[in-house]
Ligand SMILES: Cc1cc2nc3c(=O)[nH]c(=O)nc-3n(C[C@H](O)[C@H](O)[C@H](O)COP(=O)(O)O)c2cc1C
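What follows is a single chain, given as structure tokens, in the form predicted alone.
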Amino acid sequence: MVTSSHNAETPTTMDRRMFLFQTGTIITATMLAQCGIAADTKSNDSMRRPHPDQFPTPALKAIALGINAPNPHNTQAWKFRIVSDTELLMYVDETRILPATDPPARQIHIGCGCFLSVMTAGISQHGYAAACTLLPEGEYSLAQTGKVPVAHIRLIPLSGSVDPLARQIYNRRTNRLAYTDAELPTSTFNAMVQLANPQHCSIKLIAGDPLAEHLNILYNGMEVESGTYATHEESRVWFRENDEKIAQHRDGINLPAGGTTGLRKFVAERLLKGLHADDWHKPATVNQHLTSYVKKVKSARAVVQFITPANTQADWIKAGMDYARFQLAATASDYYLHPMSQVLQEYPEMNTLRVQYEKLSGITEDQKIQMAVRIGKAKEPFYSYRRDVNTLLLP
């Protein structure tokens, strides 16, 4: 986790900081070039994530593949006990959950389901099928998280064909940039669903006239999260403020993943260095974040919901399994996804808005919208890091 100290600053210094941060226009790209400063840097993608060929056993290869999955705040809240070369147990890493934004750890379990789908697709390229038993010791309480397994995984020789989604694993990226005005044809969406072959969720497309009201409430969800001290502070804890911190921690959220690149990244990194909580929660800082975010939200031409018939712990995991496969299928069609699920979270400040969004979406009492994401085309986004496989293994 990032820790920082607060240095006393004069009002002039703070005013300059907030002015630069809010405008982002004081220094131009031309000026940076004249100073010999690169507008952006890009490290070797192959250094950011483990590759399965680096590992000798199928179980370790499976982990190296699965950790490419999307997951909340890029916490990578996974840990594993190796039983044999072809057998392992998966647990939530309870030190990496998000108690403020995700009190029941529902989204963390969705991330576990994402891991299982990506791992299952990827290991097929190495001649194995993954037999996954969810919650082998049954559902467990929040206090038991990390002590009771999420899944028991057995790798068995593959008798069928390689999963066609496997080739998209290293192309898949969550894209938080503004999207183009390209529409998503219903036929293309249906083809994605068919390729993903969801087993647990109904996948619903929101486009056309209803979209504006959905986007408005989804944006309001970010307003609530950013305006609630505990939830916004949780984002600060997981924020990696520059390239050095990103490479060091290999997890968390950061400026380039949020779409801040080039000149704005150069300036913002220097302003955010050692950012104290007082600065992070300043209304001007929060408003700048929301101003940027609403532009991205309004660029969406469609939203996709993932709805389960119930809301059990098993449903959370299964929703992640379907979501990851759909994202791989979208990648195959050159579309990106960006989760905007703040409004679905279960802390008190979000309750009213969540109920409002469920009513708008026609959700019955037993159903649960597990995820709401925007979908579209955009520039290629940041390629996030993943932790080393050995750091995920239990003794």
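Heads up: residue numbers just count along the shown sequence, starting at 1. Worth saying up front: this structure is predicted, and the values here are computed from it rather than measured.
Heads up, the form predicted in complex with this ligand isn't pictured, but that's what we're talking about next.
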| item | value |
| --- | --- |
| Contact of residue 387 with this ligand in the predicted complex (heavy atom, 4.5 Å) | no |
| 4.5 Å heavy atom contact, residue 340 to this ligand in the predicted complex | yes |
| Proximity of residue 110 to this ligand in the predicted complex, heavy atoms at 4.5 Å | yes |
| Residue 122, heavy atom within 4.5 angstroms of this ligand in the predicted complex | no |
| In the predicted complex, the residue from 79, 264, 176, 200 that sits within 4.5 Å of this ligand by heavy atoms | 176 |
| Selected contact from 305, 74, 168, 308, since only one has a non-hydrogen atom within 4.5 angstroms of this ligand in the predicted complex | 74 |
| Listed range touching this ligand, judged in the predicted complex by heavy atoms within 4.5 Å, from 110 to 118, 178 to 186, 192 to 200, 126 to 134 | 110 to 118 |
